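Okay, so here's just one chain, in structure tokens, the form predicted on its own.
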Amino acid sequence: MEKTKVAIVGLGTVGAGVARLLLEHGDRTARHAGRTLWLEKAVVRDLKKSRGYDLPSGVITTDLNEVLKNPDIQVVAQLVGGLEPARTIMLQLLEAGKDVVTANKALLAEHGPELFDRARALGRCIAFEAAVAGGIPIITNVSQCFSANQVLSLHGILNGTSNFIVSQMDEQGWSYDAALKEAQRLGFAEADPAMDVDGTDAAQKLAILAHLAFGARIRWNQIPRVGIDSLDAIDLRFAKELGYRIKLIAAAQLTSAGLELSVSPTLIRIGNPLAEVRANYNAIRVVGDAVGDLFFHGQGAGQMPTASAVVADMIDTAVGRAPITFRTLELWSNRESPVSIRPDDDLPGRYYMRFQVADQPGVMAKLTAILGEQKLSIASIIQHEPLPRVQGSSVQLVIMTHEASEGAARTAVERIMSLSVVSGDSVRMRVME
């Protein structure tokens, strides 16, 4: 059978999983590829580091040139994380005539135009299914399988770390700190989880999906985002009382006024499939004008789910499908964006608001006056009587609004927080049915 020599750069958790699939299941990949994907080299920084998987003698090297200068190596899985040296390595591989597969969503979100332009100029391709939602084949579906559709909306849980933390807080009643420690113990969260919990990771993935689905050309850091790092367990309890669960939702909605993009903790009606996504799972709901409503659910990270997506891309690249798609789609090209991005302040939505207010007459009138001035209509209110009741004590007040603009909701909260009868911090979250 024909042999296609491949290489891996970066033999971390995912890289070891890719090596395992290539070496232990060569018959499987050969059946799908019509050829053997032969692992020729795996480039690492430290030869002595334990990787939990033994590779054949002579495969592991610290010298990238053994890949760059080997004309027989055609496809390379570039699995180095971060921006540098990942960007430089990617460019070197392309210059050396290699087609590249990557799982690095941060690299694509930050340097996609540069890398894709260079690949096109050199007649090479970049495949990146594993960059968004791990083992869920969302890239292929959005970029290819929905080609007869205009995608109307995308709503997703795109970060398994955040979803695990929120699930533990919701189901176990844990604090944010306790849930984060458990996520770190199980390996679902890094020692520094900032990019996961502050919404950065989800925003980077949403920027990629928005480009594929809508042709949007937007930098990930231009997407309005709020993370879960300030989420309080009390809001999960109030949400459940109202018939909702809270999830970190990455949202893209195409409207006549432009493309609406956001990443934020969101109340989702119990019964909505997104509300039922537990633990470290990811899910994406896509609505197309022809196909209708579709839902994708699965492992969004982890060694073997991500490795599965990487190897699938290596197969597609080796047999020529990925290069054809890459040339046809012209991703991150200099073509003008076909959609405009709707300003953050104009985004419509319903809102959950929580305030700590003085337990005294006239408070509600002051709040409702401000809401009315901003044209926010109240859908429901929760205010539990404090126990024991103490004169001058404060209570938690939860307000659910009807639809209003983001700008009006933000202004209303800012003005309410300036009232002398309001103390502590406020909370404002989007609501999704």
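Residue positions are given as counts along the sequence shown, with the first one as 1. Since the model is a prediction, treat every value here as computed from it, not as a measurement. We call the rigid core whatever largest set of C-alpha positions still superposes within 1.5 Å between the two forms.
Below, we refer to the form predicted in complex with ligand HSE, which is not included among the displayed structures.
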*Of the options 205, 245, 211, 155, which one has a non-hydrogen atom that comes within 4.5 Å of ligand HSE in the predicted complex?*
205
*Among 262, 266, 102, 161, which has any heavy atom within 4.5 Å of ligand HSE in the predicted complex?*
161
*Taking the partner as it appears in the predicted complex, which of 193-201, 219-227, 316-324, 81-89 has residues with heavy atoms within 4.5 Å of ligand HSE?*
193-201
_Taking any heavy atom pair closer than or equal to 4.5 Å as contact, tell me whether residue 301 reaches ligand HSE in the predicted complex._
yes
*Would residue 188 show up as a contact with ligand HSE in the predicted complex if we use heavy atoms at 4.5 Å?*
yes
*asked:* Taking the rigid core as the reference frame, tell me whether residue 191 has a CA displacement of 2 angstroms or more between the shown form and the other one.
replied: yes
